[in-house]
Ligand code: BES
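In structure tokens, one chain follows: the form predicted alone.
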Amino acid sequence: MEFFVKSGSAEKQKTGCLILGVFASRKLSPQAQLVDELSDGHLSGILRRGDMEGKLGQTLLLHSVPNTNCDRILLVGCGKEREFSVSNYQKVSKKVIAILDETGTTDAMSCLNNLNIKSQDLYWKIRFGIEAANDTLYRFDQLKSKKSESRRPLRKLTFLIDSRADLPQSEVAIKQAEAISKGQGLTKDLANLPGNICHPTYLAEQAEALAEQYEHFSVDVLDESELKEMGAGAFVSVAQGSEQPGKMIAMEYMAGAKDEKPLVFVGKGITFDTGGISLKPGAAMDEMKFDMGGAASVFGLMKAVAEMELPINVVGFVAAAENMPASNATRPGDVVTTLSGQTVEILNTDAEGRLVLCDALTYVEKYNPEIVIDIATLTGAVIIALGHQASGLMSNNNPLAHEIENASDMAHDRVWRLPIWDEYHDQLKSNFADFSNLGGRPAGTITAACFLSKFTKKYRWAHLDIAGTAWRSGSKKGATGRPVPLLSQIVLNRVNKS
């Protein structure tokens, strides 16, 4: 779908469908009032008859409204005017797009971006509207023999703005929102693919395809044999149980100054996680194809950054492996030597994400990074702590943690910070190695981050546990594309500061 902006007054527009807001207690928004006056009170008359109250999410599709040039007008309930928030704006935006797509509207014009949302300017309202629209229209049907096709799909959405002076920032919002949406789309596609298709070699091929598509983009792939020779014993301990060879994939987007330190994003890419010898229960094990959600989000970020053509240096690094039980798989109790030289007692082979990440976090020291952020579907414990609303954030650097929290508020892709105090490290003690890979049930998300922190002492680092936010279960099972908006905002904020 294509997105546009246009300046003008709502009552003068010619479009397939004009989208107008109505607040609770049947209060027309300012744009709806203009149309109501032109139509000799047609809209207010409908509201007085009780056809619509303006409750959040209510919709009413009108045809042949007098004196207008619109084929249809869609009234959208926005709830109480004082409580109209970013979340509510996103909800009604998604509802609108779904209705327009179902009813065969091919082009529409939205006035919802003119509504007041606390602390949000026009840029954000247009960006959030586009991201919501693309999220609603996303379909994963690549593997179905019969594709689902709309009768007359929505092809064009125009955002109506008051002043021509706002056109430049609106155009920027469209470009950046579309880039981030494309990144989210790639993240969803990769995460939704099953493990028999999306394995480490497949991910390496997708990285090489990005390098062919974009300028300033290059890829380096390290295979399992190279990593074994290099001494990445933790990574190899996970990968060796599978016939699919593990790989570390470095995607380098270098459009900034040559002496500029890169922002490095490291993604956990367990393309399928059986738990290894510490086998998972069978129920919902199919969802373990989503255990490469961190890697998928790094791919999405790299695509978004390249699409926006940002003048910055960014490295996306993916540790990709499959965790399988086999005769040569790692056993509980085995001790391995990591790339850093530290030794780890593996108490549970299902705590494998931290093992592939720790060697990746050591490897990326070579970039002399400005910051390093790893993204991983690391612990079920984070779902117990935070549910499916926020990703867990842990960091060894307060300014970096604050930077991420600020970006999460801006992008409305939320995080919540948890501590990694020294006391938690005691849970990782081992009688047979420098430390173990498991800290027990208490504070499981925190002790996992404590483990990773042992490999990040040479740079500013943060860890995002996205096990609760990377995908949905149930009837709407599928990847969410998070935290691509957050990661993209972190990079955008860096660019805007320079």
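Start at 1 with the first residue shown and count on from there. What you are looking at is a predicted structure, and each value in this text was computed from that prediction instead of being measured.
The next section is about a form of this same protein that is not shown, the form predicted together with this ligand.
K.L.:
Using a 4.5 Å heavy atom cut-off, which stretch among 37-45, 62-70, 23-31, 464-472 contacts this ligand in the predicted bound form?
P.N.:
Contact criterion met by 464-472 only.
K.L.:
Can you tell me whether T379 touches this ligand? I mean in the predicted bound form, with a 4.5 angstroms heavy atom cut-off.
P.N.:
Result yes; T379 sits at the interface with this ligand in the predicted bound form.
K.L.:
Taking this ligand as it sits in the predicted bound form, is D350 near enough to touch it, meaning that at least one heavy atom pair lies within 4.5 angstroms?
P.N.:
Residue-level check for D350: yes, a contact with this ligand.
K.L.:
Should V172 be classed as touching this ligand in the predicted bound form when contacts are defined as heavy atoms within 4.5 Å?
P.N.:
Because no heavy atom of V172 falls inside 4.5 Å of this ligand in the predicted bound form, the answer is no.
K.L.:
According to a 4.5 angstroms non-hydrogen atom cut-off, is D374 in contact with this ligand in the predicted bound form?
P.N.:
Residue-level check for D374: no, no contact with this ligand.
K.L.:
Since exactly one of K80, K280, K182, H425 fits, which has a heavy atom within 4.5 Å of this ligand in the predicted bound form?
P.N.:
Here the answer is residue option K280.
K.L.:
Among L210, I383, M230, I99, which has any heavy atom within 4.5 Å of this ligand in the predicted bound form?
P.N.:
For this set of options, the contacting one is I383.
K.L.:
Does each of L263, L339 and D359 have at least one heavy atom within 4.5 Å of this ligand in the predicted bound form?
P.N.:
No, the candidate spot makes no contact with this ligand.
K.L.:
Scan 275-298 and note down the residues that get a heavy atom within 4.5 Å of this ligand in the predicted bound form; none is a fine answer too.
P.N.:
Stretch hits, in order: K280, M288, D291.
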